[in-house]
Ligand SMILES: NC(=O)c1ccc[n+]([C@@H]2O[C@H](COP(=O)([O-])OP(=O)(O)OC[C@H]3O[C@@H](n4cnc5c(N)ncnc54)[C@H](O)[C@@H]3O)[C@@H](O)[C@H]2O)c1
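Take a look at this single chain, the form predicted on its own, given in structure tokens.
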């Protein structure tokens, strides 16, 4: 039996990178996956690929800052399957910007996407999880919160907020048998990484890891799977590093 047979999952930022990796693994494990991404072409292409492989995948073009767009995804999942079992809050951006040059608008944009986006998705999904008295929410933060990284102050601050969000929600929702956990990925090999890091910078990051290989989206997806099944039924409010042994705490 597949680990997610019949489960209904929403994955944000699923057009590429970590989110696409999660969608792929969840489909293989029998879940009905609702993929959300701001990039229409990317999310539709990913869903089509999953469907071709026999996966139950449904693409939606949505900006996580747009509450109405997220509402449509949630309503579609509930109408089609009557429930929502898993939410993966993955959508996020990480542009480099020196703090001294950072505008208030740039700061607000990162917080709105990385933090308020998770707020909207969670707020809209939770009533259904509370009603069914079960659910798993996995928030994607970043190992940079434990390190601090120059030119990423707005991003690191937003990812620290996600860890706090995870812990407080876990306290509130345990009585409903809803598990809320967090993953802090390290340097993950994605297409998006190429736009913000040079090969030399990436090599230096890998050198700082205990495991001398690139972390790939599937590495994060496997931990999302663990946190979305009964394999982790005794865990909530936790933050797990998936970074090749870069940071230990």
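Residue numbers count along the first chain shown, from 1. Keep in mind the model is a prediction, meaning the values are calculated, not measured.
What follows is about the form predicted together with this ligand, which we do not show.
Which of these stretches, 98-106, 164-172, 72-80, 151-159, has heavy atoms within 4.5 Å of this ligand in the predicted complex? Of the options given, it is 151-159.
Which pick from 64, 180, 35, 31 sits with a heavy atom within 4.5 Å of this ligand in the predicted complex? Checking each option against this ligand in the predicted complex, the one that comes within 4.5 Å is 64.
Contact test, all of 125, 138 and 228, partner this ligand in the predicted complex, heavy atom 4.5 Å: No, the whole trio is out of contact, none within 4.5 Å by any heavy atom.
Please determine whether residue 235 contacts this ligand in the predicted complex, using a 4.5 Å cut-off between heavy atoms. So residue 235 does not count as contacting this ligand.
Report whether the minimum heavy atom distance between residue 93 and this ligand in the predicted complex is within 4.5 Å. Flag for residue 93 set to yes.
In the predicted complex, does residue 51 have a heavy atom within 4.5 Å of this ligand? Judged by the heavy-atom cut-off of 4.5 Å, residue 51 is well away from this ligand in the predicted complex.
Quick check on residue 221: any heavy atom within 4.5 Å of this ligand in the predicted complex? Contact with this ligand, no.
In sequence order, which positions of 222-249 have a non-hydrogen atom within 4.5 Å of this ligand in the predicted complex? Nothing in the stretch sits within 4.5 Å of the partner.
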